[in-house]
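In structure tokens, the next block holds one chain alone, the form predicted on its own.
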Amino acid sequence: MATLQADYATPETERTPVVKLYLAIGLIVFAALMLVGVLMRAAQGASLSSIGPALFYQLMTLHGAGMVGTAGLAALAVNWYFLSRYVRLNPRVFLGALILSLVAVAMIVGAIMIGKFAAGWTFLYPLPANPLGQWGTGAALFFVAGLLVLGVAFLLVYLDMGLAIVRRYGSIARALGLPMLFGLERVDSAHPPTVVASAMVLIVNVAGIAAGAVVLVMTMLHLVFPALAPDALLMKNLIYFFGHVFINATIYSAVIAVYEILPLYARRPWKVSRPFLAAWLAVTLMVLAVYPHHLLMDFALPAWMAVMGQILSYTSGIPVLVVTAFGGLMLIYRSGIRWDAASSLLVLGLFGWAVGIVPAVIDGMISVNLVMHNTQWVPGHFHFYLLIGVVPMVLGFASYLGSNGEQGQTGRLGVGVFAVGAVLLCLTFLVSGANSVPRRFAVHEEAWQWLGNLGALSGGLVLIGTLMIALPILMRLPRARLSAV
């Protein structure tokens, strides 16, 4: 079995350099965008009055697009690195995707900071074409085209991953474990969870990015030919299908680090079972169908879609979350696990993923959604998922691979500072939402400003913790040998 796996695996010497590039760039960009977030919260708290509304919305667009894109690329690196242990991937394709991504970043940053594009990372139609003098058509085109180039980069990697999986396992369905789930084959407990998760991500995110490409092209056509006005409800469906699927695929890619690294610390294997396979199949279908919960206020939407989105809002995160969180707890229970920066970050990521579903489900309730969806409750639950879920998983991956988890006292202390700051930051958003503080507002009423100031302080702690974790990794990364896994 080990020989067969080695025959298909990508050689360590081929995958290490490109993974180092992804890690180094990702860590630096994460820190820079965290600083942008701190500046925004300070502006909302009126402690940084030099940021006017125009610049605030540019920074909001930069922070949103940058964090989603960077998290997606970092999680893709997690996925690619571990999947390459089981199938033969092409490092040149992965490097080419990074180069394309950097081109996309240059286009997006240029559109925002030079062209002053400030319509938010979701580029909701028809806002890009109605700037009220704040930006030009060229800036909107560059922003949208940058997102399109980024999508092409992802699709190239997914094409390589899909072909490699089919060569190794015969089909995406077999990689997902469907024959074992439905009794057509015996359950192989050694079937890699990474392969199952990768198959799920391929299915959903290829569909999501394809929908994103359609709406991006339609947006570009409308910018060039204003008379060509697509249906607004169709555009919104496509945008939120793309956005929701993409960020969920990011979470499910990042959790692969938990499946691969945590068993090494616990010295116990993560075994595949029928409940595990059933959970991943269920979430594959649910992620594709749950997005209408973003459109509950769009009364022209067919009622059955709103009902579907409502029901799946309560259930979509449960299957994989249960098997992963429960499996992770059982894995480390009485295992004598060694707690260092990497293992602590991975468990923190599981906590953020598990707890983040609570405010998300609350917001999915129609009676709550009516009054709270356009408040800071939404960035609260989103930051719980991304900041306390995905980011620690990526940092744990970087910590383990970059330095075998041995970062000394600085790294371990950094995890504590990061965790305290991240939880406080998310709470400032949630408390603000519960008090009806609107989201996407550059200027806040005096009664709300203390929450903005507390958010800026909390964000500062997050940034400090991130630097304490990331700087030792960056210093060791050039000479690191990523052969521990």
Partner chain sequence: MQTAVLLITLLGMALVAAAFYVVVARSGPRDDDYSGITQQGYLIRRWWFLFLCGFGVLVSAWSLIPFPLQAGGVGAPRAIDVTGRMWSWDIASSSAQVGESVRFRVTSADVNHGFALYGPDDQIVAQTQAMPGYVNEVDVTFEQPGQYRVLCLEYCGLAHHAMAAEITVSEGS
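Positions refer to the first chain, counted from 1. These numbers were taken from a predicted model, which means no experiment stands behind them.
Below, we refer to the form predicted in complex with its partner chain, which is not included among the displayed structures.
With the partner omitted from this view, the residue of 291, 400, 81, 377 that lies near its partner chain in the predicted bound form is 377 [heavy atom within 4.5 Å].
With the partner omitted here, the residue from 172, 232, 206, 178 that has a non-hydrogen atom within 4.5 angstroms of its partner chain in the predicted bound form is 232. The partner is not drawn, yet in the predicted bound form one stretch among 81-89, 299-307, 183-191, 97-105 has residues with heavy atoms inside 4.5 Å of its partner chain: 299-307. Using a 4.5 Å heavy atom cutoff, 337, 347 and 439 all lie near its partner chain in the predicted bound form. Contact check for residue 132: a heavy atom falls within 4.5 Å of its partner chain in the predicted bound form. Among heavy atoms of residue 318, some come within 4.5 Å of its partner chain in the predicted bound form. Within 4.5 Å of some heavy atom of its partner chain in the predicted bound form lies at least one heavy atom of residue 435. When contacts are judged by a 4.5 Å heavy atom cut-off, residue 445 counts as touching its partner chain in the predicted bound form.
In this stretch, 237-251, the one residue having a heavy atom within 4.5 Å of its partner chain in the predicted bound form is 240; the partner itself is omitted from this view.
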